[in-house]
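A single chain comes next, written as structure tokens; it is the form predicted alone.
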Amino acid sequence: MFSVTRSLRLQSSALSRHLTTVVNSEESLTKIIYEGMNQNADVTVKDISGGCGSMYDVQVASSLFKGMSKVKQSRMVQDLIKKEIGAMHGLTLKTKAL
């Protein structure tokens, strides 16, 4: 019984750390984009991987995008999170000029 209880506690602890990492990743991506755009953006980041933190839906709306093509808007955001993208399995990115 001791080993089963201990195993469940360890699994629960690992799950808790994993979920904290996912939330921190969402918050981290949001902060990187928001600060990289001089705090002039509405940024929404959601983990769409089912909780493993490997796929994100990122939506960014900013007046900085005004007059830019969608491709340039996307590249601007991708450049900000280039390092983080390397650790992802997928990314959905939507941008909008305000």
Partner chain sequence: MFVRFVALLALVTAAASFNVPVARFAVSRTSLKMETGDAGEANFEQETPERTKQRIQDMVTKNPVMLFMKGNKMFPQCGFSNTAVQILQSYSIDFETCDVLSDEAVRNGVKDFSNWPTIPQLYVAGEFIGGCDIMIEEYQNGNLAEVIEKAKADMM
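All of these numbers come straight from a predicted model, not from anything done at the bench. Residue numbers count along the first chain shown, from 1.
Not on display, but discussed next: the form predicted in complex with the partner chain.
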May I ask whether Thr30, Ile33 and Lys46 all come within 4.5 angstroms of the partner chain in the predicted bound form, judged by heavy atoms? no
Flag Ser74 as yes or no: does it have a non-hydrogen atom within 4.5 angstroms of any non-hydrogen atom of the partner chain in the predicted bound form? yes
Consider Lys83 of the chain shown here, and say whether it contacts the partner chain in the predicted bound form, taking contact as heavy atoms within 4.5 Å. no
4.5 Å heavy atom contact, Ala61 to the partner chain in the predicted bound form: no
Decide whether Met55 counts as a contact residue for the partner chain in the predicted bound form under a heavy atom distance cut-off of 4.5 Å. yes
In the predicted bound form, residues of 70-98 near the partner chain [heavy atom within 4.5 Å]: Lys70, Val71, Ser74, Arg75, Gln78, Lys82, Ile85, Leu91, Thr92, Leu93, Lys94, Thr95
